[in-house]
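Structure 1 and structure 2 below are the same protein chain in two forms, each given by itself as structure tokens.
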Structure 1
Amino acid sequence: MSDNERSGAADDDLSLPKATVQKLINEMMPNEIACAKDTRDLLIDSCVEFIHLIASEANDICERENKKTIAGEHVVAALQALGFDDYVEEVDEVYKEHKKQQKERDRKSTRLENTGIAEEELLRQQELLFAQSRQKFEAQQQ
């Protein structure tokens, strides 16, 4: 990340990027109504407040379960506790999809382990390949 992006921004001023939120607002607003600029800023503030609200509640729920990491389940429980039951279904769908994708990622990264060949054998094969290419190299030198 370049320094330009960070200069002048204190942690406490952390908010959502205006341009991104503006684009989303445009996607969400009805065609015949425009959003005033100061209203947009209020919407951004509202979003940040929402994040704090959910995060705080999810954190409380997490602590009550004696867990150290705020998990997806805690977020869903927080939504229910705060009166956002109507969001639970779709958020749950996203959670399921995320878990599925994570499984795929884990599967791909262990493909080498899945060749079924033991590490010793792999090392032996590697030595053999090195020996072969050394021989070729020395042959070329003559």
Structure 2
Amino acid sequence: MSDNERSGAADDDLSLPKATVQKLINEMMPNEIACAKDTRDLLIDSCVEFIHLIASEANDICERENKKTIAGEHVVAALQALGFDDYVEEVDEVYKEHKKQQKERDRKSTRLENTGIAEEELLRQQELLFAQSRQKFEAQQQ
């Protein structure tokens, strides 16, 4: 079952943010060239259709592999299956970089690990702060 079927959203409801797409267009085009709004809207519709096509094929590949979650590998395989071989190498590089960044983010220590203080000491300090707070609260109540 697709996300559209689950959420009840029609394909007409799917879009990309116009301001973001306009910003991308402006960054890609030379300054002396303007892009009409209807051209931007056509580009948005084309992008949505392309995403839908790739996602649908990736979902089919995922289902054939008896998987429940579409992974990056499924998207790359979908590009290949649909004849977008020219994009596969770049998409694969971006995907690998994304995975690398995710690992680094996951590997980053939490604030607790960054303190350099043992967990027992942190718990002792926390209890001390709770006790001080209780004392202040009780003093205010009297």
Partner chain sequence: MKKKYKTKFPVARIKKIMQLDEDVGKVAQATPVLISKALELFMQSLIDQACQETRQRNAKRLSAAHLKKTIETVEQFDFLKDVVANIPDPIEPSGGGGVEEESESSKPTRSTRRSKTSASKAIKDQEMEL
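Predicted model, so just to flag it, every value in this text is computed and none were measured. Note that the rigid core is defined as the largest set of C-alphas that superpose within 1.5 Å between two forms. Counting starts at 1 with the first residue of structure 1 and goes up one by one along its sequence.
Assignment of forms: the chain in structure 2 is the form predicted on its own, the chain in structure 1 is not. Once both forms are fitted on their rigid core, the CA atom of Ile51 lies less than 2 Å apart between the two structures. Arg134: CA moves 2 Å or more between the two structures after rigid-core fitting. In a rigid-core overlay of the protein, Asn31 has its C-alpha displaced by at least 2 Å between the two structures. Core-based superposition between the two structures puts the Cα shift at Glu120 at 8.3 Å.
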